[in-house]
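This document opens with one chain alone, in structure tokens, the form predicted alone.
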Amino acid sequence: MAEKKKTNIILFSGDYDKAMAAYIIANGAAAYDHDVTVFHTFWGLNALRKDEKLQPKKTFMEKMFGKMMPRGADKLPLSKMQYGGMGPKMIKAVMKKHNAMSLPDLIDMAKEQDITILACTMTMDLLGLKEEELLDGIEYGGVAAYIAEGEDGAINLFV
């Protein structure tokens, strides 16, 4: 029996449209029976933040980062045409009209397809993010964890 192909995506961007593209590709690859990993690092971690305000113990700097970063996949800005917050509302309205899945729904679908969603622990430390602030059902690891997943990848993408 042939070994499954691997698709690995590094999600560095915190932009809604780029995160959507990463998750559309991830879900598509899983549908083609690939073993898929999405490694969230730096601003890409914001897509994994829970919507609700949590108050874990943090330093002053960690609290400041938490206030400045968007909380959750649905709050990410667009990479272009932000227009003071109107751009994301407009694109979400167009998506709804065309029955396109939202980013939170794409992340849920990824979990259902057993896609490995990996949060970078080094970046979490740098930005002061705690595990309880991120979505349930994800994994945690550093660069070594991603490299272990990515070294045999048929497809490796940086978004």
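Everything numeric in this text was worked out from a predicted model, so none of it was measured. In case it trips you up, residue 1 is the first one in the sequence shown, and so on.
Another form exists, predicted together with another copy of the chain; not displayed. Remarks below refer to it.
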Taking another copy of the chain as it sits in the predicted bound form, is residue 25 in contact with it (heavy atom to heavy atom, 4.5 Å or less)? yes
Should residue 150 be counted as a contact of another copy of the chain in the predicted bound form, where contact means heavy atoms within 4.5 Å? yes
Considering non-hydrogen atoms and a 4.5 Å limit, does another copy of the chain approach residue 138 in the predicted bound form? no
Taking the shortest heavy atom distance, is residue 126 within 4.5 Å of another copy of the chain in the predicted bound form? yes
Does any residue in 5-25 get within 4.5 Å of another copy of the chain in the predicted bound form, counting heavy atoms only, and if so which ones? 5, 10, 12, 15, 17, 18, 20, 21, 24, 25
